[in-house]
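The chain below stands alone and is given in structure tokens; this is the form predicted on its own.
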């Protein structure tokens, strides 16, 4: 970890000193050792704030549409962040020439709540690092090695795209999951409808999922429109259905399954599972994967004569 972290700092310092970028976006230590926070560095002497460890969770691509609009910006990015960047470039929300990507091979990031379930007292944690067989947790009482399957985020356990798809410089090696976590949704339609009804009934309409998503970049969200009025803003089941289902449809072919929506949800709705199901449908019907740099255009901006018409096909 520290070798890659030092390389990130050296590269950030180089591009700032040489005027290749005006700003570098990365992660800095959070208020506690099991969290990190986004950091924006515009001076070479501040690059030592940058860190790279198993709790670098935030998808930093969310800042690019505004920050990189009129200037060159460097960004330290995991493979999932980079797929978000690719989608933003394809949809003309950012210019490739305005972004300097410090890409990272990834071994998955940790869900702090699972550390507790694995028997780690969070107040005792002083640092975390990747190890050959899992995650090394350093505490006040010593070191503990935990299995990745016990502490990684759900989306990391399902992710097999751990090499950066697009970068200007790359550090670190990818480590694939030992086994891919399957989707855990009911198969029968009526059972699935009941499942999502129960999930959406918890929604308090805080819109954290929308705000954290790099590809929810509309200036005015459909949920905020008065004319036409698509949905009320109150948190009731029928309105929650409308919000989440419509948002999922808007992200078809755009969601790269980083899981940020689920990470920030204060009531624990399994939003990422809904988006994963949508991504699988897009792949099966249209052979399209969001964030693939080989795709010339976004799914909803592409027409092929053999496209499936959902209105006429099951």
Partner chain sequence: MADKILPKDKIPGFIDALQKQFVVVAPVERTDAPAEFKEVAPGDNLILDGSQMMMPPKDYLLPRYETLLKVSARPGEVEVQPVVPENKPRVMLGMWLPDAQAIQVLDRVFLDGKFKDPYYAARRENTTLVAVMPAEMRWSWFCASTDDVEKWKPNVDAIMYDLGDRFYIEVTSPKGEAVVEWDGLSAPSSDDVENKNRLWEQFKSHNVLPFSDGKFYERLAWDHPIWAEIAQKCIGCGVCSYMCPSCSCFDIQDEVCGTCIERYRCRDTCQFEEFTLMGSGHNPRPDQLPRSRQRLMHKFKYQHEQYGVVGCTGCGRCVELCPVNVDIRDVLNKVCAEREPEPTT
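Residue numbers count along the first chain shown, from 1. All figures in this text were calculated on a predicted structure; none of them were measured in a lab.
Note that the form predicted together with the partner chain isn't included here; everything after this is about it.
Trainee: Counting only non-hydrogen atoms and a 4.5 Å threshold, tell me whether 35, 199 and 208 all contact the partner chain in the predicted bound form.
Mentor: Yes: 35, 199 and 208 each sit within 4.5 Å of the partner chain in the predicted bound form.
Trainee: Sort through 87-95, 121-129, 168-176, 141-149 and report the only stretch with a non-hydrogen atom within 4.5 Å of the partner chain in the predicted bound form.
Mentor: Contact criterion met by 121-129 only.
Trainee: So in the predicted bound form, is the partner chain close enough to residue 232 to count as touching (4.5 Å, heavy atoms)?
Mentor: Flag for residue 232 set to yes.
Trainee: Looking at the partner-bound form in the predicted bound form, is residue 55 within 4.5 Å of the partner chain by any heavy atom?
Mentor: Residue-level check for residue 55: no, no contact with the partner chain.
Trainee: Is there a heavy atom of residue 65 no more than 4.5 Å from a heavy atom of the partner chain in the predicted bound form?
Mentor: Outside the cut-off, so no.
Trainee: Does residue 224 reach the partner chain in the predicted bound form if we count a contact as any heavy atom within 4.5 Å?
Mentor: Judged by the heavy-atom cut-off of 4.5 Å, residue 224 is in contact with the partner chain in the predicted bound form.
Trainee: Just give me the residues of 251-278, first to last, that have a heavy atom within 4.5 Å of the partner chain in the predicted bound form.
Mentor: Sequence-ordered list: 263, 264, 266, 267, 268, 270.
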